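Before any questions on binding or motion, here is one chain by itself as structure tokens, the form predicted on its own.
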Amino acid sequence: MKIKWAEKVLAFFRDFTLTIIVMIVTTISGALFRYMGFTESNIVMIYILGVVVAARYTNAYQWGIMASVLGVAMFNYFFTEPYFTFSAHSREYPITFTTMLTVALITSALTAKIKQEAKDSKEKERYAEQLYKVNQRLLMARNFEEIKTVIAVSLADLLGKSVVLYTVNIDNRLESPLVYQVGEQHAVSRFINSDETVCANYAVETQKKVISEKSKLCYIPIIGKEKVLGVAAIEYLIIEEMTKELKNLMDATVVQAALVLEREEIMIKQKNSEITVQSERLKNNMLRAISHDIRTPLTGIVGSASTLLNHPGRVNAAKKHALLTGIYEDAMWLIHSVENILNITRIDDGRLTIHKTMELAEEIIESVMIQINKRTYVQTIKINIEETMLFVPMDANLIVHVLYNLVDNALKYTPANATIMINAFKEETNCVFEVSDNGVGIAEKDLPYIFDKFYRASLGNIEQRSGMGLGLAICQSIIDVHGGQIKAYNSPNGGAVFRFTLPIEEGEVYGK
């Protein structure tokens, strides 16, 4: 308040001094005109010009009036007979004084009006430019957080006040506010506390302006077509004292903020709807894949079991062993498939939990081979471990599952008598596991999608049962939560190579 009062006093003395100086200069110019032989009408025009100058360069209408009165008085005093008195002998002088004062007042009023209109036009242009910039920044905002920042900064720049912006989420609840302070910095707790939250909620419920006496914040609801989308809390804002143009600009900014927030909410709802549709489509695809792939081994199990049950005396030992082997392999395939399905659902739901312990790479590979050797295969599997004491932090069960999937994949896609290599070695700060073969390799068209869910690579001429397209996707997810990397490529010598790395040094435990 003291600063504003000092500014007003300073402006008063400035305008008063300027008006006096203008009229003194005008009087001196009039004296010079009289010395040069000009008539009194020319001197009158000089005074009117002085009134125009005073009205133009002062900040209030009353200074033009003062210049008009001073001009008439000084003309009477210095340029009418008898000189240096305020009396006038000629009967024409009262008419001259009246006309001069009227013209001076009209000229002053017109000058003040033109100046005010020019000022208003400049202000409107500035406000229009600010609104355009706000619109541009809002359109360029790429997400919800950027939109909130643009709204808060725009209102703060426009009003020169600190702004606290609340937004309302899809569930109609206030989210954490964004605070943007201007000028003297205050503790955030002054703007964000339980009392202020009550004010913000009340503004949302009533859809009306709310004043907080404690924090001196004015809460203005940002209203969309169907509901309140947010609340802008502005420090020390007295709307009644704002100019009409500034109030219109603030209202336009709030309306624009409502439109953008509403647009973003609609986009979020559409995105959630699309995610739901995709999720349903994914579930349907999974059910179709499961029902299709499980039917074949179940049919084989039922057929073999039926033969053994219905014709026990006619089945010789070799045929019986073959049927039982088929039942066992089909059952193991089903168990492996169900394990993959359970793992992929845990991953999708964010429920994949890992528990790291220090494990020997050699023991992990041995665990995999114990499972592999329970089944029948016609390929040769070789193991190469460079360091017999290679300890790695990992979730043993999950890494065994990854290696089993990779070896199973190699057995599925390689011809009879192919050689499959399992390598483990240390590379800088990582342990590297590789499963390679000397088969036909991976088709170039399959390489970019090999780790996608439900993607099945072409088997070519290999007669093996295809999987559900989940194994490699699960492998990638497990390796990712371990902080490692997995990739697939074709070896220059022929065949495919699957390689994944695990950090050797113990770090953060991943997973939820």
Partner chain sequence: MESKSLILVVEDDRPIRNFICVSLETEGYHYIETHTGKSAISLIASHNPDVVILDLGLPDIDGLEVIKKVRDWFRAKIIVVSARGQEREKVEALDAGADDFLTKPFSIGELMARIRVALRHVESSRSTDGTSAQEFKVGGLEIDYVKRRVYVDCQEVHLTPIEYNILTLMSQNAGKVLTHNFILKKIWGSFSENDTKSLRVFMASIRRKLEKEPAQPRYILTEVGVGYRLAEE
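Positions refer to the first chain, counted from 1. Rigid core: the largest C-alpha set superposing within 1.5 Å between the two forms. Here the structure is a predicted model, which is why all the values come from computation and not from measurement.
Keep in mind that the form predicted in complex with the partner chain is missing from the display, and what follows is about it.
Residue heavy atoms within 4.5 Å of the partner chain in the predicted bound form occur in exactly one stretch of 355-363, 140-148, 124-132, 211-219, and that stretch is 355-363. When contacts are defined as a non-hydrogen atom within 4.5 Å, all of 373, 391 and 396 contact the partner chain in the predicted bound form. Among 74, 174, 385, 341, the residue placing a heavy atom within 4.5 Å of the partner chain in the predicted bound form is 385. A single residue from the set 432, 327, 246, 400 has any heavy atom within 4.5 angstroms of the partner chain in the predicted bound form; that residue is 400. Of the heavy atoms in residue 367, some are within 4.5 Å of the partner chain in the predicted bound form. Contact annotation: residue 416 falls outside 4.5 Å of the partner chain in the predicted bound form, judged by heavy atom distances. The partner chain in the predicted bound form is approached by residue 335, whose closest heavy atom lies within 4.5 angstroms of it. Here residue 127 does not count as shifted, since its C-alpha moves by less than 2 Å between the shown form and the other one after the core is aligned. Once the rigid core is overlaid between the shown form and the other one, residue 420 counts among the residues whose Cα shifts by 2 Å or more.
When the rigid core is held fixed, the Cα atom of residue 328 travels 2 angstroms or more between the shown form and the other one.
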